[in-house]
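As a starting point, one isolated chain is supplied in structure tokens, in the form predicted alone.
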């Protein structure tokens, strides 16, 4: 094992890509532990934090207190939690509203229930409801009561305290749903890596079994299996995936089926070609002479000799499976919105590419590119090591 790693590390680029691949695998396994936030938990994020740039601090919304005032004899006062709301008649038809939040600055004050002909200085009136909003009030709010006398005036006051920093930083910003991009990317790596690895492994199992069967039985069995492979290879991979998911629907299991249907042909052809060469070997004739079962001969004797090229193809096909899953999720037919893979994250940020919100799509795209490139480089290095013609 030490010699194998030493030979592998002769290529510094391949060694670096191996470390990067192991890092992505660690993120896939330890995502719930190392992720700052669970992007599946809807209560963990808020739309108030949507589209924040990298390095932003999460803000916690301030409290809201409400009081209903009824002016009697020109003065009204009510306590709402730690706040005191006071209404004083300054002149006939003119009231002064003061909101004391214990020294804290107010974000907004909303006044509801005033007559339609009333007015509030410095306030923005709602186009439909009888509601006036004063933003960041620093002075007493002057209310012109209009046709209603202060003695029968009855209205509601809502005051919002400003948001406060929680100390939680969004290192890579947030997406359009308010999810932490770093957490979403870590979970996206988890889904993409696991789906790619399991899909490629399932393709190797199915394809190798069919390839060994084609080589062992030959004749019509070989012809049927190889013509099935030729037919599948004549159809673009993305089209096969789209057709499969259109029929079966979205989901991780459906994507795995699509990946197996697409990738089994490469493993079947490789296993068949290697098995045909091994069937002419003396150890296979000796196993047949001992009347060993065909299953035992194929699994215990022929398959181990087929594994080196199959493992190289497996490594490369993991990257292909990850790319396929990302493409299907980007097109909206892969995983559901509740399972943000890297392709889904890129699709969510695509509409913001030209609005200066680059991080929503760029960061998942860069991570996907690094993961695919690193796995491909590792696969190419393994292929060179297992090729005896390239040995020095």
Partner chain sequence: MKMSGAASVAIISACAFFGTSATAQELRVGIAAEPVAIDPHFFRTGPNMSLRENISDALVYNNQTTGTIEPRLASSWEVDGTEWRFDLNPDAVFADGKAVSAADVIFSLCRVRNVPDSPGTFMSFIETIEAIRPEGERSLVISTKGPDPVLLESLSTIGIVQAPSDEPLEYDEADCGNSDWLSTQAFNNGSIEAGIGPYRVTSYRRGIDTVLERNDNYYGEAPHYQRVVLQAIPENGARIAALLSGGVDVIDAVPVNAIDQIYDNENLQLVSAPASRLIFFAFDQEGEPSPKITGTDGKNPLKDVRVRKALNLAVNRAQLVSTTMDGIAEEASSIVMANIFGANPDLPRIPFDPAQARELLAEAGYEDGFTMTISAPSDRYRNDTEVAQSVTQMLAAVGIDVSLETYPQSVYFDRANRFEYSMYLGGAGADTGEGLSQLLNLVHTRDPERGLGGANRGRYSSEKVDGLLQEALVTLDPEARRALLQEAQAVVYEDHGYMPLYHEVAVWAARADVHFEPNAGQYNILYTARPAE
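Here the rigid core means the biggest group of C-alpha atoms that line up within 1.5 Å when the two forms are laid on top of each other. Numbering follows the first chain given and starts at 1. Values in this document were obtained by computation on a predicted structure and should not be read as measured data.
A second form of this protein, the form predicted in complex with the partner chain, is not displayed here; the remarks below concern that form.
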item: Proximity to the partner chain in the predicted complex (heavy atom, within 4.5 Å), stretch among 359-367, 22-30, 36-44, 320-328; value: 36-44
item: In the predicted complex, the one of 220, 296, 126, 288 near the partner chain [non-hydrogen atom within 4.5 angstroms]; value: 126
item: is_contact(residue 177, the partner chain) in the predicted complex, heavy atom dist at most 4.5 Å; value: yes
item: Partner contact for residue 57 in the predicted complex: the partner chain, 4.5 angstroms, heavy atom; value: no
item: Interface membership of residue 250, the partner chain in the predicted complex, 4.5 Å heavy atom rule; value: yes
item: Is_shifted residue 112 between this form and the one not shown (CA, 2 Å cut-off, rigid core); value: yes
